[in-house]
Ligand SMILES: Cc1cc2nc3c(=O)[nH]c(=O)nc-3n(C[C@H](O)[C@H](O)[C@H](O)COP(=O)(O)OP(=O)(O)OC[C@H]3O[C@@H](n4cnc5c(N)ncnc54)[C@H](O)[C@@H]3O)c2cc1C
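The chain below stands alone, shown as structure tokens; this is the form predicted alone.
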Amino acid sequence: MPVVLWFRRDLRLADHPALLAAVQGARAADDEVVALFVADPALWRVSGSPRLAYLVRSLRALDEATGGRLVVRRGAPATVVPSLVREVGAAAVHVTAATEPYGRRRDEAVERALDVPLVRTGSPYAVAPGRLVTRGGTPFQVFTPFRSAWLDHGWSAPAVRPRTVPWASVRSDGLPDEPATDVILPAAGEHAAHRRWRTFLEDGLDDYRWARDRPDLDGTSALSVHLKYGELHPRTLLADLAARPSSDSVGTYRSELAWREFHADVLWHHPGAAHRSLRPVVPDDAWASGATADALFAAWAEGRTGYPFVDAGMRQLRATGWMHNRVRMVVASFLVKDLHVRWQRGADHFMAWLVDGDVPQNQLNWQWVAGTGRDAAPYFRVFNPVTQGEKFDPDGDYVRRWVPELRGVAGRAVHQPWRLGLEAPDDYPSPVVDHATERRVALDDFHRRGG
């Protein structure tokens, strides 16, 4: 009797505990492992073209890694998985445990429909969401004590990669068609992920503590998409960091991984946070609505707000399906607190374009900026799009790269083109709002609600 290994957010063969469990189960029965991926229409419908195009490429790499034995089936998992189990006479279905709200509901439905065990081994995180609680037995509300508990708890060493896997040969529906997209996608697959990580360890880690805030530099690891699809596991990264001499940059990178796990933990305990604010911060009448909100949102989404640092970020998103983290915070703050548009609308736009779009990270980071989440930035913290640009893009190189209308403006003057008078470019828009004015409006709204 073979076993099924159902791939989801774990498109790799190394450091894969569920794969090891499947191989052990198959060998105990002197049988094979069926490598399954389900093209779930419920997820396909809500995923942007950039993310789907990347996913197809990652699946192609996984298919090659399994010797062409990846079995792709299309349909609702609660129907597809039991059908495949009956077709091959499988003894069990092995998975990496799902932690996000939809995945948990999906797996419960599949488990009810199966006549064999659904075996959950491992999670996409170093410490599974929901495992850590305060001394009082309640979920963590603040990041710093969560990080301390996370570090104290620790994590397993990376799982060894099996030398050989007895992959079964089973009919497949074939890889999904890759949707058309103009987004410049990064290289996909487990090998590409490890290649990027090795390059960062050698060339980027030492300067990470300060360079990570500079969008004009290649100062981040750019691993978010690889982590999203599980092309490598954070446990692998943490093991490699532990092998390095202790430094501020190593500690900072480890903390960034902890933030990722904190957001997953928050969503585990509060699944509604994917769509609802965890706490209100302003009265309902503070939000822009109707044609005004639509026009402001369109200017923001298309990168024509008249604020160069914001516009550069939004255009980078459209071109690459990715945006530097510092810029993500600035453009999110601008939408919520300068344009007074609800965070959910911005989060939806990000999920439509981001290649690394990941529900716990995207939604909870938006709530952090909006001041509505757990351990969020206070609502009265309003990012100034000009001073942020001047501080983190001091020579204006990032803006000039993504806003071609301003390539003739030298130095930091690029962050305030409206001050150039007759030398201001004719084809770049004037600011859609006055930041100082809208900041006061945001703070007044906050205080109106008793903030």
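Residue numbers here begin at 1 and follow the sequence given. For clarity, every value in this text was computed on a predicted model and none was experimentally measured.
Beyond what is shown, the protein has a form predicted in complex with the named molecule; the following relates to that form.
- When you look in the predicted complex, the only residue of His349, Arg318, Arg260, Arg214 with a non-hydrogen atom within 4.5 Å of the named molecule is Arg260.
- Residue in contact with the named molecule in the predicted complex (any heavy atom within 4.5 Å), chosen from Trp322, Tyr229, Tyr379, Phe146: Trp322.
- In the predicted complex, the named molecule sits beyond 4.5 Å of every heavy atom of Thr99.
- The closest non-hydrogen atom of Leu267 lies beyond 4.5 Å of the named molecule in the predicted complex.
- Not displayed here, the named molecule is approached by Gly357 to within 4.5 Å at the level of heavy atoms in the predicted complex.
- Put simply, Leu205 is far from the named molecule in the predicted complex: not one heavy atom of it is within 4.5 Å.
- In short, of 72-80, 322-330, 85-93, 164-172 it is 322-330 that has heavy atoms within 4.5 Å of the named molecule in the predicted complex.
- With respect to the named molecule in the predicted complex, the three residues Ala222, Asn362 and Asn365 uniformly fall within 4.5 angstroms at the level of their nearest heavy atom.
- Residues from 240-257 that approach the named molecule in the predicted complex with a non-hydrogen atom closer than or equal to 4.5 Å are Tyr253, Glu256, Leu257, in the order they occur in the chain.
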